[in-house]
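Given next, in structure tokens, is a single chain: the form predicted alone.
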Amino acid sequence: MCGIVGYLGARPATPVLVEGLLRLEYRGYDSAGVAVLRAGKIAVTKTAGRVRDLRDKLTDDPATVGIAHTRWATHGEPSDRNAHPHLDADLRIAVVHNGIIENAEQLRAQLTAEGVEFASETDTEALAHLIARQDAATLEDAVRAALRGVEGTYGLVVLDRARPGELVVARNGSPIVLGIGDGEMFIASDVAALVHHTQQVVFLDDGELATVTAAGFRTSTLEARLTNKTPTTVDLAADDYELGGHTDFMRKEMAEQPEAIARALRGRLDERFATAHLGGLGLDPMALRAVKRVKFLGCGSAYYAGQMGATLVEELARIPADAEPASEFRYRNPVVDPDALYVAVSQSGETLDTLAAVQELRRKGGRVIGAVNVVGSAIARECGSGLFLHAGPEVSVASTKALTNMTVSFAMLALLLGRVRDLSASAGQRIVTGLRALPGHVERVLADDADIARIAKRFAHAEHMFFLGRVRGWPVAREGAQKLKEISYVHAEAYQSAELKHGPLALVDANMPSVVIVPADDLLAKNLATIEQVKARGGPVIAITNAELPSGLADEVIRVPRGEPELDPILLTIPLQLLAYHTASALGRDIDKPRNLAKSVTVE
């Protein structure tokens, strides 16, 4: 969550900082602020509102060192005084911080007893006071000493007016990346803020600090051991984060799905042996055969993609598989199976709950791989092996192309696991052919945009909606309900179709539309019966299907192409993205930045 930007160099810092904040708006925030070092003093400008409101408050400034932040409120309401950066009492130290300081109340009480008066309600302000009160030879040592008494997560940047040529950065559980320029250095919580200036970056690890000057950087641990990080090159460009003629990023990213799927498949399908090549797993055929169970761990849409993946693994590999919210996994003292393969799923690779689940698995000797969309992310580094999604940068809070590439990647994993077991070459070739057809099929679904927009407009003012599905359709229904809720704010619930008559049917009436997932599989008759039950109670029905339905059975029908049955969930999910998008549009919502949400959830 939130956004951090820092700059040291020869050019004015403020335009660089503001531009970086604008590129990080998608992460979700409620206030913004900038601090620059000018004539030996720290000048701070803050506002509760958008970055454009902050920009309106700023004036031309020659300062060449500064830090900036967009805040998503945790401690204290959104307000000017709670916005970052935060300063100590002597206005010497300025801090921007992502994460949560769990012992903030104790720290604030301790500092208050020592005579400190707080200007905000935040946990972050305590950091500024702590750092300022350290008796240390360098700013790095002061930050290191202060952090030894801190519990919780942080990605932070510290500016000291007494040391105008440096910034100190630290990370624990919240991402920080350094950008290397020519005689200048950049700092951000996401590479999106850097790629306009450089593609040479350094990702900090948890428990690591960096002292950054315009000429370079030095990294070390909390114990003051040098770590000698080497820069890497990110294959991203500024254009990847531009709208490119689209009205918003969600629309752009939905349109990019055929290309993203093709990218995920490229070089990974083996026609000769009817299997998949997934070298990033680091598992040979013997190790793959030794897998007795697969568990997917993710949050939100990543969890629902994991459910689709679990169904694919059971169908193609015939080994037990399931999915679980990563946010629950580590808190229930899980029994870790040494014969299981755990798959940690996260678009950003920084989702705190999922990262914590990975760390719990590693502590207990579990075999875990990552499925992420960001090279160098925390989960990718923690796992060391896995599936790179190749979806390209995803900016909209609502995940579309990353979710699709998750399920495509899980289909390849299921195919690989199946082919080292009992999945025949002919069955494997059928799946390979089906995967190769997906980009074209998705293009056909996207071409129905106008008709789906009409349907969305018809039902946009419904206050509640059901999403219903069975087996393959169940996680599709859950993802559809999630999309509608998060960007349109329409209350939506997903149910397994067979459960409808065990209680929820009581809610069905003429004002409760139901979106029913109807794949052309061996459960078609059962799904048609579900529609009949809803219609008998006067409930409107929108059917998402690749089957031929009886004329007039559903009020609206959205059709997808027929492919291989096991891959149906991938295609059936696409029209639900469009349905949610056009519902939100009809209701005038801020589609890319839905209220109360953030793209990368790095707090509990």
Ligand code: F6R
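Don't overthink the numbering: it's just position in the shown sequence, from 1. Computed from a predicted structure; not experimentally measured.
This protein has a second form, the form predicted in complex with fructose -6-phosphate (F6R), left out of what is shown; the following refers to that one.
Only one of 127 to 135, 162 to 170, 200 to 208, 298 to 306 lies within 4.5 Å of fructose -6-phosphate (F6R) in the predicted complex by heavy atoms, and it is 298 to 306. In the predicted complex, fructose -6-phosphate (F6R) sits within 4.5 Å of a heavy atom of Ala398. Among heavy atoms of Gln482, some come within 4.5 Å of fructose -6-phosphate (F6R) in the predicted complex. For the chain shown alone, Thr404 is not a contact residue for fructose -6-phosphate (F6R) in the predicted complex, no non-hydrogen atom being within 4.5 angstroms.
Within 4.5 Å of some heavy atom of fructose -6-phosphate (F6R) in the predicted complex lies at least one heavy atom of Ser346. With the partner omitted from this view, the residue of Asn82, Ser377, Ser409, Thr351 that lies near fructose -6-phosphate (F6R) in the predicted complex is Thr351 [heavy atom within 4.5 Å].
Of the residues Glu256, Glu486, Glu324, Glu184, just one reaches fructose -6-phosphate (F6R) in the predicted complex with a heavy atom at 4.5 Å or closer; this is Glu486.
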